[in-house]
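So this one's two forms of a single chain, laid out as structure tokens and tagged structure 1 and structure 2.
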Structure 1
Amino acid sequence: MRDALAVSRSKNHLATAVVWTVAIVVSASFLLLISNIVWEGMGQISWTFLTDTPRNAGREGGIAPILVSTLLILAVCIAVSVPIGLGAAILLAEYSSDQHRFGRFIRRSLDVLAGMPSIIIGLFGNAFFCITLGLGFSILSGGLTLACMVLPIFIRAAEEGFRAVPDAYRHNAAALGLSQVTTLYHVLLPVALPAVVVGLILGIGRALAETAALIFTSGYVDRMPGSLLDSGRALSVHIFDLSMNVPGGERNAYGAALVLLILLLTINLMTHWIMRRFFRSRSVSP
């Protein structure tokens, strides 16, 4: 008996040591990556860098047109993804059971699309949005293509959030005579909101870091866009071009990479602040 307890304790200690080792390695790799970007890119960050246009193939000047194009592409992506994704998640969670064939088919399709290589989605976006719909290389084409990448992640996360809401909430709402729309908006959505936001943030993170899909849809042009039908270069594409195709562009590439990290961090902090205000106004604990 004592030997069995000793073996069990040694296994537990070994498992704990392995977990801590993996955690330390992952954390150290992350900190090393972030510190390298901050160290190399901090010297490039200035008001001129953020407001000036690129010159000399991006070696000089700033990233103002690239930053505007990135925000416009992201705005198109979010504007398309949120209503479609939220509606699809509600449909799958509230009106389609696990045994329903149509629901199972949609869920499996979303899982496959979530793991689809971005280059394939970029080729689809080029063939459908740019050529078939005649949008050409444009910010609109890039945003719609990114929406195709964000939707599978967002829908599945939001669906799980709605499914995690206890059935007692639905039964109590029905006992009070609330309609399904009222129950969804005033009861289920506030409780499922954290999962919905997590799915959206994960999708935005993938969209901001995407390069291959945008090369085939939004294009390479680094001038200030005049409309959504103009071509625009995203930050990720700009970083790729400076680091791979432009000799001497590494310094501005690091600066653009740091701006991209700050942008993603800002979006996360703003989302967290909005969620806190939302729950505080409704007196609901997340």
Structure 2
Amino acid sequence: MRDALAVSRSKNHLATAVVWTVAIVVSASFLLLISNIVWEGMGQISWTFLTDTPRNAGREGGIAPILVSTLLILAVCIAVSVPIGLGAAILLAEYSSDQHRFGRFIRRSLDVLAGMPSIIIGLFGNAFFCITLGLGFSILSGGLTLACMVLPIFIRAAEEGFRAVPDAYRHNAAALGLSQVTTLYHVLLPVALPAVVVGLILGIGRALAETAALIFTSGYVDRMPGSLLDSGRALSVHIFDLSMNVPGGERNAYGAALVLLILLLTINLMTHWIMRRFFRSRSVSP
């Protein structure tokens, strides 16, 4: 009896030690990663780095055209996915119950789409946007390809947002004889907006981090893009290219990686801020 107790005690102590070790190893390796990027990247980032064009295949100079291309690709992606995604989310949340076959089919297809590896979406983007639609390697192709990846994330978040709006609002709006357009625009959308914005930010985060799908849709060209039909190099592609294909490109790759991390961190903080600001204090009546 006493032995058994002792064994169980020492097992418990051992487990505690293991769990703590795991936690320390995990956080240490991650801190190593982040501190390495921050430390090495800090030395590279400066105003000229952000505003200069890359020279000598990117070993020298800055990332201005790359930032512009990245923003343009994101802009195309948002411009396409927000209206389509919002429409789909509203349909799923407001017009199709869980038993509804059409809604179930769409939800399911979006779930699978969300799990698709980005390289497959990239293959599709290359075949459909670049070749079939004839857009070539361009910012437009890249943005549209990213939209395919962002849509399921955005729709899911926005749908949840609309579902979280209390039914009382819908009933009251109906009782007052408000049309569905008015109800949606004036009553439901404002209440669901924080969730919709969070969904959008999550989507942008995903798009910003994406590399594989862009390599053969928006391409490698590191010049300042003249139009949406020009090829443009995204920030993540730039990091990849500098570190893999350009001997001696690591210094600037660190700089670009830190810029990317800072952008993503900002997005992460914004999401947290919106969640805290709007979701804790959203009690409607007394």
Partner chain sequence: MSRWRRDKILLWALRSCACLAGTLLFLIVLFLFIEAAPALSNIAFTHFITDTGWHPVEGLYNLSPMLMGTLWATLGALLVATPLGVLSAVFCHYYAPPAVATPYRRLIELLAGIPSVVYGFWGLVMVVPFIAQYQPPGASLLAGIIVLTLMILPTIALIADASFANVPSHYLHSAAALGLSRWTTVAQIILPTAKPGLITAIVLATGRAIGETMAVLMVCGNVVNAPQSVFEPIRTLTANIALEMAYAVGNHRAALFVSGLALLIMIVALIILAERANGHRQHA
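Take the two forms, find the largest set of C-alpha atoms that superpose within 1.5 Å, and that set is the rigid core. Small disclaimer: the values here were computed from a predicted structure and weren't measured. One-based numbering along structure 1's sequence throughout.
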### Query
Any idea which of the pair is the form predicted alone?
1
### Query
Among H238, A207, G199, G219, which sits at the hinge of the chain's rigid-body turn between the two structures?
H238
### Task
Note the number of degrees the smaller rigid part rotates with respect to the larger part between the two structures, based on C-alpha superposition.
16
### Message
Rigid core superposed, I'd like the Cα shift of A23 between the two structures in Å.
### Response
8.1
### Query
Rigid core superposed, I267 Cα shift between the two structures in Å?
5.3
